[in-house]
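Single chain ahead, by itself, as structure tokens, in the form predicted on its own.
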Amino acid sequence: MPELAPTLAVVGGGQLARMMAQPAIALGLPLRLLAEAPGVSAAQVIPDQLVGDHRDLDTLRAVTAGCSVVTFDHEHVPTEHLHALEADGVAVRPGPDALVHAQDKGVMRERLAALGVPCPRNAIVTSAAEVEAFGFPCVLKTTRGGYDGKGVWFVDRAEDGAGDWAEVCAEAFAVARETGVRILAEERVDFRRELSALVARSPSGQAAAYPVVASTQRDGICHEVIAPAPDLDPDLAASAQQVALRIAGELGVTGVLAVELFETTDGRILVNELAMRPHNTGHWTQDGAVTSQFENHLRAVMDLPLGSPAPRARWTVMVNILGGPDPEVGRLWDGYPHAMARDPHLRVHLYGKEPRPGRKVGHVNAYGDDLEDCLERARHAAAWFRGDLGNESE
């Protein structure tokens, strides 16, 4: 009897892998998971699983055995291991030559500069003196390993030279020495807001671009997304999509690519970050688009025709549910009766995670024709699940 479908290996057991499972079921696509620990988010819903370290090549070979394709929940698999899997005949999607641009911010900046893609002014720095020569205010970032505000330092100096900028630099370079990464300095951009342009691309070169969205960050963590970005000039929106599609094509990305952007106060866009996987700014697509980012990521890495990225409603608002300062206060499952009764159209996605301060444990999507109504509904529900109804309004 012929095989019903090939098995796709997924490295990483977080919520992104978890949210790949539902469209995989609909597609009849078996998933095999490499989870970092028993019972993590994706391990709760993907039965074919191996627990192990993504930094161990033998473990990676074990989870991909019999799989023609491997994809990722995160970007932390060592680049040399990805090349080894390719040499074994496994299709790595996105491939190591593309993924390194999401793994290493220094490599990313160098390549985007060579392509003429607009970016903030930046430089690799190795000392506080070089940071001072680069200029203030600036942002220091570890070139590898940082996410959700980790590995990021904001550096400023008062006109009289007072302040703790030297101490901040010392902390950044201490982390660099300890972890063996470089430090990237970037100018502090005067921006109006942050945008995200999400695209999917298959090995055959087919691509699909979702509407450009506006995102709001709190403490370095994505808090809220509005799709499409309100009051965005159509030409600027088209330019953002074209930049994302060009980056995907030039780097040879397979799967979902999220291009995080600054919309500057003088009407330009600058590339901030790249992510080559489903992304927090694309969670709205689960309920607000014809084809979710998770389904299109699966279609892309399996080289199936891509689905439509068109929105189903005029507006969709996504708000993350984060663990509050007191993990005993949040409601999560117990929040359903109120949230669902108040808003039958609300869509809730929980990740099966224990709440911790600032930890993403779920998100809510609200959609409709009235943006203010969508904002109020999504913010209220997220605050209710968090157990913090005093802070649901912006």
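Numbers for residues come from their place in the sequence shown, where the first is 1. A quick note: this is a predicted structure, and the numbers were derived from the prediction, not measured.
As for the form predicted together with another copy of the chain, it is not shown, yet the points below apply to it.
Although another copy of the chain is omitted here, in the predicted complex none of T79, V139 and L257 has a heavy atom within 4.5 Å of it. Stretch-level contact check against another copy of the chain in the predicted complex with heavy atoms at 4.5 Å: of 100-108, 267-275, 231-239, 298-306, the positive one is 298-306. Note on contacts: among V70, V63, V40, V348, the single residue with a heavy atom within 4.5 Å of another copy of the chain in the predicted complex is V348. Another copy of the chain in the predicted complex is approached by T291, whose closest heavy atom lies within 4.5 angstroms of it. For L375, no non-hydrogen atom is located within 4.5 Å of another copy of the chain in the predicted complex, even though that partner is not displayed.
In the predicted complex, at least one heavy atom of Q44 sits within 4.5 Å of another copy of the chain. Although the partner is absent here, A383 lies well away from another copy of the chain in the predicted complex, with no heavy atom inside 4.5 Å.
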